[in-house]
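Here you get one chain, nothing else, as C-alpha cells; it is the form predicted on its own.
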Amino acid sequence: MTELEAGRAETLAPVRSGAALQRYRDVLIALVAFAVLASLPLFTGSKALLDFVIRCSAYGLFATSLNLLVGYTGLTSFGHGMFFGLGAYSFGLIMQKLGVPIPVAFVATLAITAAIAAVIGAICVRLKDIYFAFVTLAFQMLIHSTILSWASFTGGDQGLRGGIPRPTFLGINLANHIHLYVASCALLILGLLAMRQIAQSPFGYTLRMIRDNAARASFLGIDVWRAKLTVFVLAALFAAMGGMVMALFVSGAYPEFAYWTISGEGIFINMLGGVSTFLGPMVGTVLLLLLNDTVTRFTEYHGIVLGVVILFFALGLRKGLLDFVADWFAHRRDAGEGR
C-alpha cells in the first residue's frame, strides 16, 4: 500500500464507521416501530384504527417512493400513481388467473413493474422539468385507458370483481384482519427501511448532486441518465408495494388506483409533510387521511377545505410540516450555540 492509499484509508475509516452506526440505528428504530405497530391490536379492538394504519401503509409507501424522485432527485412526476395501480392490478390478476402462492405473486408483480418502469423511465428521464412531468402523466393516462378498455381482462370501469384469493402461506392467513394488519405494517417498515438505506447510501448522495447540479455531476463522470433511470425503477417498485397492500385491503383493484388523482394525492402528501426530511411523506400521509376522514363527515365540500389547507402550507409555511419543524429546531440550536 502506498502512502497516498494509506492516508485515504485512514480518512475513510471514520466515515465508514459513522455510516455503519447510522445503519444500525435505523434498523433499531425500524424494529421498535414495528413492535409498537404490531402490538397495537393487543391494546385496542378498534377495526377503524387498524384499517387506518393499513391505508397509511399503502399510501405511505407510495408517497415516500415519490419523494425519492421529487425530493432526492428533483424529478417531479405527475404520473407516479400508474405504478400504484399497476401493482394493485398485476397482483390481483395473478392471484385471480393463476392462483399461485402470495409470495410468488408478490415477486412476479415486482418483476412486471420493474420491466414496465424500465421502458417508461428510459424515455422519460431523458426529459427535463415540465416535459418529464407531463410525459409521465401521459403514460399514466395510457395505462388507465388500457384498464378501462380491456374490460374482458381487467373488469373495465367495474374493476376486478370477485375478490382476490388469499391462500395461507407459512402460517399467515391474509384473509384474517389481524394477519393482514401485521403484514401491512411489516411491508411498510421494510419498505421505509430500504428506502432510507438508498437515501443514505453513496447512490443517494449522487442523486442529491444530480438534483442540485446535473451538469456538474455529469462533468465529474457520473452517468446521470443511468442514475435517474435506476431511481425511477426503484421508486416504481415501492409504489407497486403500496398498490399491493391496497389491493389486499380492499380485495380488488379499481381504475381509480391508476387515475391521475392518485399522483395528485402523492404530490399533495409530499407538500403537506415535506420533502427535505425522510419521514415527511409519512407525516403527510397521516395528515391527508385524517383530513379526508374527518372533513368528509362534516361537509360535502371537502375539496374546498383541502384546497384551503394546500394554500396554507404553500403560502403560509412555504414548506411541509416536518420540514418546518426541523428548520425551527435547527434555528433554535444555532441560536443556542451562538450565545
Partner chain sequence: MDLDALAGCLSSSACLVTQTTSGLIIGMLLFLVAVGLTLIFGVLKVVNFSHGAFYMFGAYFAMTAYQLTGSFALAMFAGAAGTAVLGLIFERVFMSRVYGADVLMQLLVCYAFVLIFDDVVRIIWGPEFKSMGMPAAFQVMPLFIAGGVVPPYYLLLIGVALVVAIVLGIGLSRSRIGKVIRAAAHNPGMVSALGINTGLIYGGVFALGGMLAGLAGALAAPVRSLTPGMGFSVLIESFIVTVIGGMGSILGALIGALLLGLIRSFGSLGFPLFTEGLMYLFMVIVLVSKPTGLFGKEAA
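This one's a predicted model, so the numbers in the text were calculated from it and none came from an experiment. Residue numbers count along the first chain shown, from 1.
The form predicted in complex with its partner chain exists for this protein as well; it is not shown, and the discussion that follows is about that form.
Asks: Could you tell me if residue 47 has a non-hydrogen atom within 4.5 Å of its partner chain in the model of the complex?
Replies: Heavy-atom contact with its partner chain at 4.5 Å: absent for residue 47.
Asks: Please tell me whether any heavy atom belonging to residue 306 falls inside 4.5 Å of a heavy atom of its partner chain, as the geometry stands in the model of the complex.
Replies: Residue 306 belongs to the contact set for its partner chain.
Asks: Going by a heavy atom distance of 4.5 Å, is residue 52 a contact of its partner chain in the model of the complex?
Replies: No, residue 52 is distant from the partner.
Asks: Whether residue 115 contacts its partner chain in the model of the complex should be assessed with a 4.5 Å heavy atom distance threshold; does it?
Replies: Although its partner chain is absent here, residue 115 would stay clear of it in the model of the complex, with no heavy atoms inside 4.5 Å.
Asks: Could you tell me which stretch in 55 to 63, 266 to 274, 29 to 37, 279 to 287 has residues with non-hydrogen atoms within 4.5 Å of its partner chain in the model of the complex?
Replies: After filtering at 4.5 Å, what remains is 266 to 274.
Asks: Exactly one of 203, 131, 153, 225 has a non-hydrogen atom within 4.5 Å of its partner chain in the model of the complex; which residue is it?
Replies: For this set of options, the contacting one is 131.
Asks: Among 145, 173, 158, 218, which has at least one heavy atom within 4.5 Å of its partner chain in the model of the complex?
Replies: Looking at the other structure, the residue within range turns out to be 145.
Asks: Using a 4.5 Å cut-off on any heavy atom, which residues of 65 to 104 would contact its partner chain in the model of the complex?
Replies: Residues within 4.5 Å: 70, 76, 78.
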